[in-house]
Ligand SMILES: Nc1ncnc2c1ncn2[C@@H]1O[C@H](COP(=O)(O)OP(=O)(O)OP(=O)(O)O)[C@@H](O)[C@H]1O
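In C-alpha cells, the next block holds one chain alone, the form predicted on its own.
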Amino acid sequence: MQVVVTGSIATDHLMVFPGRFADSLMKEQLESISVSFLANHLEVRRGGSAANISFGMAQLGLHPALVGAVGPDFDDYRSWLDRHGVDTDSVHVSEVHQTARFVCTTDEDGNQIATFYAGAMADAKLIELGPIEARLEGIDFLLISPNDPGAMANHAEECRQRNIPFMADPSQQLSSMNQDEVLNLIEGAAILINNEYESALIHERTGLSAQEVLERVPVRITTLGAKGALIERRGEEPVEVGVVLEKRKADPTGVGDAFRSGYLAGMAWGCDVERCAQIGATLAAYVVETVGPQEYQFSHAGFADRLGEVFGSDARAEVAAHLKIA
C-alpha cells in the first residue's frame, strides 16, 4: 500500500520551563499579556508533522512518501529521513525561504506554549499531486496533515478529483480556518482525525453536529490524551482504545504524530480500526519517553511484545506477522 504523507517539515527547538505556566498568568490581564519564562534546557530536533509521521511509519517497516516544502538548509535533514526509510523525492525545495521552525516550551505539568514560523511551508501550495502519483505509479492513501492552508485545500481538492482516499488532519491549523475551509477539507475524506478540543472547534466553526460530521466522513478518530482514543464510524458502534503507559515522561512533543504513524501503518497492513489505534497507542508511548519526535528507537520484536502486554496475545500475533517476526 503506497501511503503519501503531506504536511509540515520543520526543525523543533524544544525548551523546558522548571515551573508552571499557570503560576505566571493572571486571568484579568490576559488581554495585555507580557511574560517571559526562563528555560533550563534546550534541544534542537528534527520535526514537522508530516516528517514525524513519515519517520514513525518507516520505523515500522513501511516506506511512505513525504510531501512538503523546505528550504535550501534541508540537506542534512533529508539525509536523516532517507537513511531511516522515508521517501523524500517529492519534497519541494524553496529557493527563497528557510525550512519552517517550531519553538516550544513545556512546563512541569506538560503544558506547552509554542510559536511556529512557516518559512518554506508557504511554497507547499505549489505542489501538485499528479506528478507524485505518476512517479509512485499510484497513491493508495494520502494524509493531509497541518500545512500551508492553501496547500491543504489544494490537496483535498486534487484527492477528490483523482479519487485518492485521504485522511483530513487539520490539527494546529484548525484555529485559523474558517467554516468554508474546514468543510472543504473534510468533504470527501475517508477519515477525519482530531483531539477533543479540535473536535469541539470543528463543531463550532462548521455548525455541524457530531452526526452531521459522520454523514460527510465515514470514520472519525478523536484522540483523548491519557484516556486513549475514540473511533466513530457511520452506522456502527464506537470503538474505544486505551493507552500504553509510558515508562517515563520525557517530552510530549510529537505524541499525536506517532499515533497517526501507527494508525496509518495498521491501515497499510489491512488491520481493522481497533488494531490500527492500538498500534498508534504503542508507538506514541515511545515518543513520550524520548526528547524529540524522531529520536526514539525500538526493535520490531520489542514493539510487538509491548503492544501485546497491553492489548493481548492476538494483537501481538497479528502485528508480529506484519513486522515479520516470530
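Residue positions are given as counts along the sequence shown, with the first one as 1. As the structure is a computational prediction, the values presented were derived from the model and not from experiment.
In what follows, reference is made to the form predicted together with the ligand, a form of this protein that is not presented.
J.: Verify the contact flag for A281: yes if a non-hydrogen atom of it lies within 4.5 Å of a non-hydrogen atom of the ligand in the model of the complex, no if not.
T.: A281: yes, in contact with the ligand in the model of the complex.
J.: Using a 4.5 Å heavy atom cut-off, state whether A226 contacts the ligand in the model of the complex.
T.: Yes, A226 is a contact residue.
J.: Taking 4.5 angstroms as the cut-off for heavy atoms, does G254 touch the ligand in the model of the complex?
T.: Heavy-atom contact with the ligand at 4.5 Å: present for G254.
J.: Although the partner isn't part of this model, could you tell me whether K249 comes within 4.5 Å of the ligand in the model of the complex, counting any heavy atom of the residue?
T.: Yes, K249 sits close enough to the ligand in the model of the complex that at least one of its heavy atoms falls within 4.5 Å.
J.: Tell me, please, which stretch of 297 to 305, 36 to 44, 258 to 266, 61 to 69 lies within 4.5 angstroms of the ligand in the model of the complex when heavy atoms are compared?
T.: Checking each option against the 4.5 Å cut-off leaves 258 to 266.
J.: Indicate whether the candidate residues V4, T88 and A122 are all in contact with the ligand in the model of the complex, with contact defined as any heavy atom within 4.5 Å.
T.: Answer is no for this spot.
J.: Using a 4.5 Å heavy atom cut-off, which residue among A189, V243, L214, A153 comes into contact with the ligand in the model of the complex?
T.: Only one option qualifies, and that one is V243.
J.: State the residue from Q173, S94, N195, T105 whose non-hydrogen atoms include one within 4.5 Å of the ligand in the model of the complex.
T.: The residue in contact is N195.
J.: Given a 4.5 Å distance limit between heavy atoms, list every residue of 287 to 315 close to the ligand in the model of the complex, or none if there are none.
T.: The one in contact is V288.
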